[in-house]
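We begin with a single chain expressed as structure tokens, specifically the form predicted alone.
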């Protein structure tokens, strides 16, 4: 599988189609993001565990955005799984990336990983490596919806009370791109009151993620308090689907909230 990705990236670099490729490389026993610029470096490329390609998770699109802001004329490639491709599409839709300067190289996740992540689209549109597997329904939202409203409220208040306001959810989010974060507003920050006032912090972020969240689950994975954030944002995504028939990141189509905001 990795040979297919390496070959595609080599062709893109040697043809000058891209000036760099943002992927993963194993160094000193650890796998992390790496910008490949020399085809000779591709021998060190990694897709994660050989048995479970795609399982090493980084917000590569967030790093791509940083590179694009600093080198706006460069064309860059990026390794994308299903969620990574949705993140790139969302950033294009929100006018943060130039689609003509981004070349995705797709990797489909294996079925085992798709089931573990409960991923509804565990593959990019046109994977270079791997096979498109069956989507997996995300059942946690439905289970929570079965509770009475008062029980759901108590559930979320208990979860939010665990928050230490580390900003890990924001910092790892591949589609958090604001230069000035609304979550740092002085009215939301009370440094002498930890955990932060409940539930303003997380509800503010949930509203902010409407039309953006691409359901990658990195926020929940990064949360040191193990708050089930993906359920919260998944519910926001369901509301966007029910009200506007909109799925963030499936295409580069603008969010209905963007369109309304611009009118």
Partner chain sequence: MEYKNILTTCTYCGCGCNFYLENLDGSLTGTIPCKTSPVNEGKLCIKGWNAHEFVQSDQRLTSPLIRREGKLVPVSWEEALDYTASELSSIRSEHGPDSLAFLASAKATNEENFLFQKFVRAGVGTNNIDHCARL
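Everything numeric here is computed off the predicted structure, so don't read it as measured data. Numbering follows the first chain given and starts at 1.
Another form exists, predicted together with its partner chain; not displayed. Remarks below refer to it.
Practice item. Could you check which residue among 35, 231, 200, 206 gets a heavy atom within 4.5 Å of its partner chain in the predicted complex? Key: Looking at the other structure, the residue within range turns out to be 35.
Exercise for review: Consider the chain as shown here, without its partner, and state which of 166, 153, 147, 142 has a heavy atom within 4.5 Å of its partner chain in the predicted complex.
Suggested key: Only one listed residue qualifies here, and that residue is 166.
Practice item. Report whether the minimum heavy atom distance between residue 235 and its partner chain in the predicted complex is within 4.5 Å. Key: Taking the distances in the predicted complex, the answer for residue 235 is no, it never comes within 4.5 Å of its partner chain.
Review point. Does any heavy atom of residue 45 come within 4.5 Å of a heavy atom of its partner chain in the predicted complex?
Key: No, no contact at 4.5 Å.
Practice item. May I ask you to state whether residue 13 is within 4.5 Å of its partner chain in the predicted complex, using heavy atom distances? Key: Residue 13 lies outside the contact set for its partner chain.
Exercise for review: Indicate whether its partner chain has at least one heavy atom within 4.5 Å of a heavy atom of residue 71 in the predicted complex.
Suggested key: Contact with its partner chain, yes.
Practice item. Please state whether every one of the three residues 63, 67 and 218 places a non-hydrogen atom within 4.5 angstroms of its partner chain in the predicted complex. Key: All three within 4.5 Å in the predicted complex.
Point to revise | in the predicted complex, segment of 103-111, 155-163, 171-179, 83-91 with a heavy atom within 4.5 Å of its partner chain | key: This holds for exactly one stretch, 171-179.
Check your understanding: Taking its partner chain in the predicted complex, which residues of 222-247 have any heavy atom within 4.5 Å of it?
Key -> Heavy-atom contacts to its partner chain in the predicted complex: 222, 223, 224.
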